[in-house]
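First, one chain by itself in structure tokens, the form predicted alone.
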């Protein structure tokens, strides 16, 4: 059985970890999977049945960049030596030097290891371009957006394949609970109108002020607000005493308990809105490298969603009116391809199988 090691970085949210878990869950019946992760929510990896090891993110480390990468190389090297994976999948915007040097050293020992970069695109034009050469990798996996074109290309080195897949979602459709079951699981009254706030971890953007304004506005409209607290949040959100805090993962499993979702326009949230069809108010986070405003507008073509910054009282009132109308009578939307995790798993299995076949052939020739 092939062994895949996943290395998700720790971003501002749970996107990198969730994406790797999506891949691993589709591979689970065909291969062994383990995690070496910078995301602190390691217990959720283990709850899903995968071995995992945590290494502190450079954002929370007191070490210099050089010393952090040096320590990463040692720890990752020990992990690879113990696990002996066939493929390692890095999910992040910028592969670390400690990661690249470890794989290089591992290969020099004569141990076969394919290297994959799960590389989400959709960046702003102003975003920094990563100088790491894609040709260092055996496979580039590109988790796509709603307007993307799935397909496969080969880079100019004649070796590295780039596979673009449709949007990647953690859960399959049949794993998402219906309204009554989700309300029962969360102990919510199904006869009340519930609004779920999922504005992010607050690690990069203060969501307190905006969140408090929106909570009050929805309460004035007779809705019951519930605030989702991400597992990796390092800032406590100051919630009014009558607002319930909710910390569950994966949150998408329970989305249909809510009449409206108020969220940022991150990769996972947006595609889970399309997957579940929940009426939503999307407030893009403009501080991130990915173009959340453009993604939110795409979502509005495939799901009952309103896009607004809600910076002024007028904008907020208009947005709440629109999303309330959608909640009463959701619009019909075209279906979108959402099988990115399945296609990514197929590409990973093909890479590992090709590697094993090549290794076997090489052994026969010798």
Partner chain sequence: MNAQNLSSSPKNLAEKTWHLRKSWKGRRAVPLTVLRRYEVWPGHRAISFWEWLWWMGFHTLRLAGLVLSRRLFEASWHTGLKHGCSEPEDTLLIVNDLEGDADIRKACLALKDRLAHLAPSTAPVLVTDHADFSLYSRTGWLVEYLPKTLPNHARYTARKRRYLAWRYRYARLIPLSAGLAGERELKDILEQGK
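The shown structure was predicted, so the numbers you read here are calculated from the model rather than taken from an experiment. Residue numbers count along the first chain shown, from 1.
Beyond the structure shown, there is the form predicted in complex with its partner chain, which is absent from this document and is the topic of what follows.
Only one of 159, 82, 128, 221 comes within 4.5 Å of its partner chain in the model of the complex through a heavy atom, and that residue is 82.
When its partner chain is considered in the model of the complex, only one residue from 339, 40, 301, 308 comes within 4.5 Å through any heavy atom, namely 40.
Its partner chain is not drawn, but in the model of the complex it has a heavy atom within 4.5 Å of residue 102.
In the model of the complex, at least one heavy atom of residue 63 sits within 4.5 Å of a heavy atom of its partner chain. Taking the partner from elsewhere, residue 246 is found to have every heavy atom lying beyond 4.5 Å of its partner chain in the model of the complex. Within 4.5 Å of any heavy atom of its partner chain in the model of the complex lies no heavy atom of residue 316. From the list 293-301, 22-30, 320-328, 53-61, the contact stretch for its partner chain in the model of the complex under a 4.5 Å heavy atom rule is 53-61. Using a 4.5 angstroms heavy atom cutoff to its partner chain in the model of the complex, none of 123, 199 and 238 count as contacting. Contacts between 70-85 and its partner chain, taken as any heavy atom within 4.5 Å in the model of the complex, involve 70, 71, 73, 74, 75, 77, 78, 79, 81, 82, 83.
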